[in-house]
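In structure tokens, the next block holds one chain alone, the form predicted alone.
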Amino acid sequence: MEILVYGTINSVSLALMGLGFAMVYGISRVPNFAHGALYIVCGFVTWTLFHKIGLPYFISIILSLCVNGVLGILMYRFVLIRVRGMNISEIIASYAIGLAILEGFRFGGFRGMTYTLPVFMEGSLMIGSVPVDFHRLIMMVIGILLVAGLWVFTHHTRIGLALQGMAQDERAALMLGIDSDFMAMLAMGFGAVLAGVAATLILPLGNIVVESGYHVLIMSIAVCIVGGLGSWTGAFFAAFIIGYAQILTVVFIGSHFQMVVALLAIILTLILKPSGLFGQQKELEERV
């Protein structure tokens, strides 16, 4: 029961971490290596608005998500648009931005055990014989609703259909009058917001530290490569595969091998099936 409960919680956490990365790559084909930095930005902005300025917690979260979205749009508009289509340059540019943000926080003194966010609800609930706190349950519910909401958005709204068209075939979308750069910029903004949503749900379970940004980036890459770059469905299922594998590793081997599972999953996928479990685009194999 512990493996089932905590495996599901861990899997939903990984899905939340990787969803924004998968969305940006799936639509714009830009691997956003600043994804982990955007995750930390939202956490620190929320902490600052709530603890330093004194805004209500919910308002602080909403404002920090808006800041994240704007930051993602600005990153694409002024930097990534200039290197789009150049594989190595995309990675270097986005990673350089993320590195500057994360190390800038470290240099500015944002380190230590001081920076924490409150949980949404105190208390716990027994599932079978396993105690699970209410915040983790809320995180699971929001994660599932978020995935369902994204599906509705991409299948039943005008902008969502345009984004889906971009993800499926950019040239055909261009022929239909869709502005690919504008859609890619929107995707970058949405991806940054999704990174922020993950931060506001996961960070209250621990401390806000710069190292978490690197951890989130690695886990996002693992989820997206195993699931298939460009496949949102693949990222969701890969999160469950890696999530349960990590919990089994913790139970039977030890918690210090948890990160090894994600790295091993990346290596095995690149060796056996570089396009991933649900990757439909064979040209990705060289790019990966």
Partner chain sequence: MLEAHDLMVFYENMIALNNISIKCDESQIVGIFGANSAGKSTLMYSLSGIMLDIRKKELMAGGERITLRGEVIFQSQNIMNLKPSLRAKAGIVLCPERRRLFKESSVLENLRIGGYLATKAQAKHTLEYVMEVYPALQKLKNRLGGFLSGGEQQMVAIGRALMAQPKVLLLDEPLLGLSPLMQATLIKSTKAIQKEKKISIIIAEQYARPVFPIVDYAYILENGAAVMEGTREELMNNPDVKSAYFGVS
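Residue numbers count along the first chain shown, from 1. Fair warning: this is a prediction, and the values are worked out from it, not measured in the lab.
The same protein also has a form predicted in complex with the partner chain, omitted here; what follows describes it.
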Exercise for the section: Although the partner chain is absent from this view, report whether Ile178 comes within 4.5 Å of it in the predicted complex, heavy atoms only. Expected result: yes
Handout entry: Thr116: touches the partner chain in the predicted complex, heavy atom cutoff 4.5 angstroms
Key = no
Exercise for the section: Answer for Ala162 alone: is it within 4.5 Å of the partner chain in the predicted complex, judged on heavy atom distances? Expected result: yes
Problem - Contact label in the predicted complex: Ser124 to the partner chain, heavy atom within 4.5 Å - result: no
Fill in the blank from the handout: Of 179-187, 193-201, 141-149, 126-134, the segment with heavy atoms within 4.5 Å of the partner chain in the predicted complex is residues 179-187
Handout entry: Option touching the partner chain, based on a heavy atom within 4.5 Å in the predicted complex, out of Leu174, Ile218, Leu74, Ile91
Key = Leu174
Handout entry: Neighbours of the partner chain in the predicted complex among 69-89 [non-hydrogen atom within 4.5 angstroms]
Key = Ile81, Arg82, Val83, Arg84, Gly85, Met86
